[in-house]
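Just one chain follows, in the form predicted on its own, and it is written as structure tokens.
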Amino acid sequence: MGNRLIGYGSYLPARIMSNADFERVMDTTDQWIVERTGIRERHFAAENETVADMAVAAARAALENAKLKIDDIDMVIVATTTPELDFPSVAVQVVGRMQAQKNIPAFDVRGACTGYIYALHCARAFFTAGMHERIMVIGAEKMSRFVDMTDRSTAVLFGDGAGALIFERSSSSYSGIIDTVVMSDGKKFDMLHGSPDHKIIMNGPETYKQAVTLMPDAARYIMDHAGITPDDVDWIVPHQANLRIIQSGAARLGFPLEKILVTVDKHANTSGASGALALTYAFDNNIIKKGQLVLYPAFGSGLTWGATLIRV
């Protein structure tokens, strides 16, 4: 059994943190940030705004777009690494706060920046098994909780937000989530991780080296597995971590930059929300059109990496 994309939605917090705002609180400049990352601004959630708040907002937008209600969904998966509560899951909170009358199964996936691909991997498996009719996959992160405003090498990189996609079971095996691959290497845990006091610890040069290798590797793997070439792909929507990483990965794959969707300048790195936010931005602005084939590779803490192929 296949699936098809039937709805999408996103949420970005009202507060926009520009590079100029960082200039006021640390030794950095707009030029330094843009040259090294491509980031110009990012959204920061309000202090009392939670990951669940943002996930619910994105879910409501996706349901409105699909002209559905929460009880039309029969599974909710949330990719997040930044929940305020250890339990229950953000996904369960979403279902409860939206007043679902059905006992909808809901769970979180914790795969850092690769989390949304892990969540899509799960959704695809459930569709393939013929177990569910409609699945909502949400990515929601409050990375600002982990930002250390004394560390300019990491503080400027991250932002907050949420995005949601809704998929429905279909007889076509070449629509919706067509293929996924996910991998990990826990031996490299120390390269990028969160500290006990909720701070980001990152070896920047090593993270860059791994990202520009592993994301293209995952993209090549999934194209080979699907029996397609770069010419068959309409868009690459890479994890929006850093413009240099995106450009280097495109060069390694031989993809022209005009086929690469870039939103990192507007949203920064939103970890597990990155892919969903980029896709919804592209749909809202008529950049990616119905029927086009999208390749989405990602890389994150763990190490985790992977890719998915989606026909929208």
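Numbering starts at 1 and follows the sequence shown. None of the values given here were measured: they were computed from a predicted structure.
Omitted from view is the form predicted in complex with ligand UT7, to which the following refers.
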Listed residue (S184, S175, T207, S144) with a non-hydrogen atom within 4.5 angstroms of ligand UT7 in the model of the complex | T207
Interface residue in the model of the complex among L192, I73, V95, V137, criterion: non-hydrogen atom within 4.5 angstroms of ligand UT7 | L192
In the model of the complex, segment of 120 to 128, 147 to 155, 97 to 105, 230 to 238 with a heavy atom within 4.5 Å of ligand UT7 = 147 to 155
Run the contact test on M202, R244 and F299 with a 4.5 Å heavy atom cut-off to ligand UT7 in the model of the complex and return yes or no.
-> yes
Counting only non-hydrogen atoms and a 4.5 angstroms cut-off, does R40 reach ligand UT7 in the model of the complex?
-> no
Partner contact for K69 in the model of the complex: ligand UT7, 4.5 angstroms, heavy atom | no
Is the gap between E258 and ligand UT7 in the model of the complex 4.5 Å or less for some heavy atom pair?
-> no
Proximity of T28 to ligand UT7 in the model of the complex, heavy atoms at 4.5 Å | yes
